[in-house]
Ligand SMILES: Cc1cc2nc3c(=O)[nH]c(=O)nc-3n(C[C@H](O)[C@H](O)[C@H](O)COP(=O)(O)OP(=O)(O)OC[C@H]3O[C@@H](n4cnc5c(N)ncnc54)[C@H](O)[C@@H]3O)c2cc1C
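One chain is shown next in structure tokens, namely the form predicted alone.
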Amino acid sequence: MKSTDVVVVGGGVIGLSIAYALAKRGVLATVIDRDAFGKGASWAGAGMLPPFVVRTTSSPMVELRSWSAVLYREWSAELRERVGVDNGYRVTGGIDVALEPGELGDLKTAAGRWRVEGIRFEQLQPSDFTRVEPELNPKALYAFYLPDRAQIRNPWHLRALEAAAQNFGVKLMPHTSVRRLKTVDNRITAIETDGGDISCGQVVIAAGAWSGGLLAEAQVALPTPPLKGQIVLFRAEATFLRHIIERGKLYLVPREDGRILMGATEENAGFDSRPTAEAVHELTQQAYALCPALARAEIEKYWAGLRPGSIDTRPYLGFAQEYENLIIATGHKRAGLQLAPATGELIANLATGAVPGIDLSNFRPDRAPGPAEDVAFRS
């Protein structure tokens, strides 16, 4: 029987962020993942980060999102200093566009939210397109420029988090399957794995779309249905695109080396994470519609990931009602990467008895389903 203070089940960006935040507080943690660390939805995403909010809002999601945006600047500098890994954090700016008349209403509504939140943006006139983003489709009907949008290279960020956790002494257990949570009365006493049992003081479930199944074994009903997302990777010249470009739920994210990510689909396909020819074709056509010159670029690869859903659009963050030492951090859907630092700090605060940092009532695992909120910024 092995023992640790906190066991984190799930080695994606949420689990590794929690372990990193705990380690900075001097708390011993063990992180378990059924696969290699960071190879699930965290790796499959695009790494888009929102601008931070400068005004107080009544939206708990906006508060969490803004906290995370500020933390990304701090964490990126910390990780570079601690382990010498650049996570690709760059403030590249972004452009949100409407190509068809039916898209104008949603885009103007989004601009209204940005104004309320104090996010900087500028409406571009067609004559401005060439100045700001030369390859943007000149037939776009409406475009807003958001100079404070940022991005990370999520595989680099995951590598930095894993290295920092190791340096702190966090025990990492990849390729280790959790069979069940062992319980006595209202406590989780141990994690049964295919490598033996691990006793624990507290347990954090951060296993993405697989969280619901693990919790169900312990009689905790918390659905985390997988939402499949597919992405296509183009290779172009390094200066082809300057900014992130979004059109509704679709996006183009340029990297400094000329690679450009086009995503992402939203599919209810169960746990099937295989990419499909139909989705790849649709995404490439959407990419050409946003930037016609991309038709000359090479399609380098494509893939899919499974995002964890929830009963509404908000993640589950907080203690489970059924067990006094079980903390849940999952259900982030399309916002896991962007919300990871704030989630890490928040869960570390809960695990150490500190003030969480924000009001958790809207994220309680046992909450009643709330109205769906539009995810204004995706990751």
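Predicted model only: the values in this text are computed from it and were never measured. Residues carry their position along the shown sequence, with the first being 1.
Keep in mind that the form predicted in complex with the ligand is not shown, yet the notes after this line are about it.
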| From the list P51, G45, G344, P315, which entry has a heavy atom within 4.5 Å of the ligand in the predicted complex? | G45
| Option touching the ligand, based on a heavy atom within 4.5 Å in the predicted complex, out of V178, I245, A287, A165 | V178
| Among 225-233, 92-100, 78-86, 128-136, which stretch has residues whose heavy atoms lie within 4.5 Å of the ligand in the predicted complex? | 225-233
| Should A19 be counted as a contact of the ligand in the predicted complex, where contact means heavy atoms within 4.5 Å? | no
| query | Is L252 one of the residues lying within 4.5 Å of the ligand in the predicted complex, judged by heavy atom distances? | reply | no
| field | Exercise: L161 in contact with the ligand in the predicted complex, heavy atom 4.5 Å | value | no
| Interface membership of E324, the ligand in the predicted complex, 4.5 Å heavy atom rule | no
| Out of 261-288, which residues reach within 4.5 Å of the ligand in the predicted complex, heavy atoms considered? | A264
